[in-house]
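Look below for two forms of one protein chain, each set out as structure tokens: first structure 1, then structure 2.
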Structure 1
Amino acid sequence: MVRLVEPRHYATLEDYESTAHLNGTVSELRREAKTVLPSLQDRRVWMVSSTERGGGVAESLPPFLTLLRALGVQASWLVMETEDADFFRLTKRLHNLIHGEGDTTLGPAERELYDRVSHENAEAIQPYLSPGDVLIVHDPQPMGAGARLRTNMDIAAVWRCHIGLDQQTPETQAAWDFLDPYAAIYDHAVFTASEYIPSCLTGRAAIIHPAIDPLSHKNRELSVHKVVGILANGAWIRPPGEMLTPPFPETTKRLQRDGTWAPATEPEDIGLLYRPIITQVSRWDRLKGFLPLMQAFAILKQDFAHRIGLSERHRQTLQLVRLVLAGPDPKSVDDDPEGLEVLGELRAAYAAMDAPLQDDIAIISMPMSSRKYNALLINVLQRCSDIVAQNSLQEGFGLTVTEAMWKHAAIVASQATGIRQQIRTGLDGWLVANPEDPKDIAEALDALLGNPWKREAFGKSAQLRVHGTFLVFDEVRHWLALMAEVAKARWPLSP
């Protein structure tokens, strides 16, 4: 029912310090950590999540835990498990409701299911904990288990919510009414934006932004040789010659016209090394806005031939540009039962398109068996993209945006709250007014495709913003301060 996960992360604190543009930030983190570590002495910090792969939480915990340990905090990671598929369907409903979507009917049957699985997981987690520990529970799936443990043990508990909506609707109210009995038990909560904090947690919540690890496989700098090698080994491109390294055990798969999957080089090379590329990388989720983005691209390609007044460079760009929609192999994401359904909707829309348009759209399933290879495949894809889109209808934060900003990509994204916290429109990227309006999206894409100087300016500003605000060192610093504050409040007489 629960599994202890050892965070695999190859970078050390010394590795960050030896990187010129990170040295000052890490030195500052060390200094600040020394002031709060006495409050956490002899206390173990436990992170609890619902999966160890797929999604921003699972991806961000390994570097986060590695840095905590390097600074002297005893930190571990537990992943809850259940064989009851109905539980994850329920928590996916809660996820959607918090985003303002879905069926608001949550009755005794849903409560019984949630409480039963929460009790089972609490029983499985309890042997790992000791009095005085700090428990940090991520998102709704393990929330009930954490509340039970906080009730039954002398521990401090913090609930970390990575999602939210910046307005109250019947859907959000239904979700928070359901979760309120558990939220009330926690010592504190953490959200990504102040707009997300429900009334039941007012006065007991802090704002901490998610962040990226600049030396992770997904975000580290890559030489030209490594970019080409990863593209070839992952089947993004056909090998240009004899390769130094072998193909990855699992490679990217591209949706074919007949509905089957084949290597991404089929039926022809996408053109990542030489064509203009628009990319969106996300989980297969309706709230990510894949379908209107694909419809916008269709408008872009179908209309350009009839337009007058375009420069030759702009016209050639529109003729050659291709769209890549990439997401994880949905079968590998245990807590997202809607993934296959959403991907099926995209497949149906793709099948209805004309063959030339199908050639210019690549729907990609990313292998998830190896975190390293998956991260490297996304890294090179973002680096080969002229525009990175994030057309989310709702977005808790959107680390895929942060990752692309770090690679100084030009961003076209929605105005979802999490994205607005990162991108200052007109400075770091272009925010579309309506992510469900394909014409609006197409106009934004066209404007940037026709202006390479604006793309370059956006990219430079975006990278500077991430460096100053959204790197993992800032996240660790804020969490250390919060954990020390919670521990002092829970055990005020401790030395």
Structure 2
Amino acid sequence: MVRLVEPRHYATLEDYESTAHLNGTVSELRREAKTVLPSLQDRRVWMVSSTERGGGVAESLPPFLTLLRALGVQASWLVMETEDADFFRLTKRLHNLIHGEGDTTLGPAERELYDRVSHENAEAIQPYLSPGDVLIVHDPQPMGAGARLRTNMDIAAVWRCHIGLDQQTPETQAAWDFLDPYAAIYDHAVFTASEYIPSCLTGRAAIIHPAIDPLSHKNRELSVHKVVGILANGAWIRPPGEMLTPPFPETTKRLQRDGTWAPATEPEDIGLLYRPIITQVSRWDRLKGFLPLMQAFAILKQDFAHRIGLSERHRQTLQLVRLVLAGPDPKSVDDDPEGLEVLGELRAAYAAMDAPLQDDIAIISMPMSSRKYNALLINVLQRCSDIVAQNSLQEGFGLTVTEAMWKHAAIVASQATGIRQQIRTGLDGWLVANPEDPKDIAEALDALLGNPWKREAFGKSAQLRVHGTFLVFDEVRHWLALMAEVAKARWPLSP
């Protein structure tokens, strides 16, 4: 089934332009857009993705489409939702194989299934398209449908792959062998990092980094009143007095000593507004490295805080610092047994800790039913954090890192491929050598906690880097240039 989706986004080009620190970037984008627009004249650009909600792709498309339209590009969004559970399972397997995991046997039955559903979807998409249009197809699910349309119609097609592994394994090879016949048909492909480009697409793939929207609820600036209001309405803090706005319908919950979930203000205030805070926000996925991060924090508190020779300020910082580990409400991931298992491991490790250490670690369940409230709650948490950690064993890109860099947090992260695209270690943050070595992580946290100037310098550099490279304007600029190039190559006689 295919649906035309109207992107819902509240910020306009004028809103970005009237924000002082974005004005120059937006003017530059306008200028550049003028030079490439003639190649896209009379063409419609179609985004095709497999979901409208949830996940980075769905979140990034509305601001992206809004900007394209405001610049004069006719752009629309089609969502290809399949009800065929076998097809869904197959594309999930392909997704996991591209990440290097799973059963590599993909035979004629899988080919037949993928081709059949792709054929049905291509038929459903075809009536929307006109000759001369440009199709941008996201990830493996709609890839086959896009390839078929490119074969049958006078259109150009680009495949945008949001996933990848930085090494070739039998698993990744199996996925690319399966997808190669479709990939070969596309005019071009786009990846997040050069390490992810499979050999079948070498020479026909570009790198475009994902980006964040600086005016979204997750990233926009907030006044002190707003920060405190959101913290209180979302149960991050106890309301300091009578509040102007009511509590959010769903609020943050904190894991209690007895293993139950209660409002995050229980058993006592975490101290987001006044204590040194280390935070990691992620899905409950083993690859996000929550457990070694929590073990590192234990070393920091139990060993490092008591060593001799510390300055009084450093010792005080280590005594007061708290760790917040936040992830989606387990109710929202009950179709993800692995996520629940990872959360279970964290809960068990937490339960085995001494009471004072438990007081200093907040394992948080974030409400997920409202995207807006979830985003605001993450926004304020990142703004209240001195250090934002992203201890991922693997990371496609790591938007949580971009979001925190934008808020000039000092980052301690792993050297996973996606994170390496963003952080230059020693300049925009610190990348630990081994995210599975708690001592290594503890040392990095300790060095930064003891050095507020370094934190400040990392934060400033990080924000500048996001400003220059990872905002949605940069993404739009790269896409406009690529689409114009693809259109010129496909229709050399057009303007």
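Structure 1 provides the reference sequence; residues are numbered from 1 along it. Everything numeric in this text was worked out from a predicted model, so none of it was measured.
Comparing the two isolated copies of the chain, the first one is the form predicted on its own. Among the candidates V117, G429, F470, L445, the residue located at the hinge where one rigid part turns against the other between the two structures is F470.
Between-form comparison between the two structures gives a rotation of 15° for the smaller rigid part, taken against the larger part from C-alpha superpositions.
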